[in-house]
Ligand SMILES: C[S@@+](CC[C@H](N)C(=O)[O-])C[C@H]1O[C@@H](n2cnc3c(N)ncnc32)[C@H](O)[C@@H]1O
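Consider the single chain below, provided in structure tokens and representing the form predicted on its own.
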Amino acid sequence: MSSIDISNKEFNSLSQLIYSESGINIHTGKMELLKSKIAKRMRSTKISSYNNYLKYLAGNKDEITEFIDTVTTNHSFFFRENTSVQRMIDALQLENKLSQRTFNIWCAACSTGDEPYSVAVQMLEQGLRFSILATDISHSVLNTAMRGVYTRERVKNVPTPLLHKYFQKGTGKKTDYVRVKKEVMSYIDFKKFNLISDPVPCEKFDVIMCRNVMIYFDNTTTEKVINSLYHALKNGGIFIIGQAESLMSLKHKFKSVKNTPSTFQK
């Protein structure tokens, strides 16, 4: 399984398949990574022939999604890059003083759920009314998100009072795990969504977070995604990207928010 050999033609075909389905740009420097991920999926699908797996992959959209999930790094944890979230909540609090209402938030690449749950507990702590749509292309990460069970390592950045208030500590064999309380879960709707091919929801959002996924896109795909998300925001709505991402040199209508990292406004 470790001796998989991919020709340049096969690599180009496979990378183009990934690109067309997800917008993720796999360059030749990722050849060894791709080999190891193919081997992993062959073990999972119990397909022993490399050529048979490629045929199976090309004809099975669910498997393409699972394969893409193994190629991308779903490295996530609670309260990641939280400064931009805190600033966003401060802005919503000011708006809430003027007109109390329910804020609609979209976490557009939610991975295993760490991000939407982190936002939810902080919104709840501030007494704000809200709903969160949390989407991802991968079934497997969404299943993890909907279970709401995480290792204590993943929640080490959550302030202790919030950890005690919004999480349940595991017992017995689950001592090293915590579960998000159902109260928090009730504010979040997890759904499968492809940023490249699916039409944006009809509802307009006060906040859209699309963090640490565009690092896998080329400029053409990133422009397509951010301009699509722009139309899903309310006027004056907030758009937040990852700290390792940038909108520089891209064509878009967002305005940068001063003194707020990775944050833009419609």
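Note that residue numbering begins at 1 and tracks the sequence as displayed. For clarity, every value in this text was computed on a predicted model and none was experimentally measured.
This protein has a second form, the form predicted in complex with this ligand, left out of what is shown; the following refers to that one.
Asker: For the three residues 15, 25 and 223, which mark the spot I'm curious about, does each lie within 4.5 Å of this ligand in the predicted complex through at least one heavy atom?
Answerer: No: no residue has a heavy atom within 4.5 Å of the partner.
Asker: Heavy atoms within 4.5 Å of this ligand in the predicted complex: which stretch in 166 to 174, 84 to 92, 186 to 194, 152 to 160 meets that?
Answerer: So the stretch in question is 186 to 194.
Asker: Can you pick out, from 128, 178, 133, 141, the residue that has a heavy atom within 4.5 Å of this ligand in the predicted complex?
Answerer: Checked against the cut-off, the match is 141.
Asker: So this ligand isn't shown here. In the predicted complex, which residue out of 76, 104, 96, 122 has a non-hydrogen atom within 4.5 Å of it?
Answerer: Only one listed residue qualifies here, and that residue is 76.
Asker: Do residue 207 and this ligand share at least one heavy atom pair within 4.5 Å in the predicted complex?
Answerer: Residue-level check for residue 207: no, no contact with this ligand.
Asker: If you check in the predicted complex, is residue 230 within 4.5 Å of this ligand, heavy atoms only?
Answerer: It does not: once this ligand is placed as it appears in the predicted complex, residue 230 has no heavy atom within 4.5 Å of it.
Asker: Using a 4.5 Å heavy atom cut-off, state whether residue 213 contacts this ligand in the predicted complex.
Answerer: Judged by the heavy-atom cut-off of 4.5 Å, residue 213 is in contact with this ligand in the predicted complex.
Asker: Decide whether residue 53 counts as a contact residue for this ligand in the predicted complex under a heavy atom distance cut-off of 4.5 Å.
Answerer: Residue 53: no contact with this ligand in the predicted complex.
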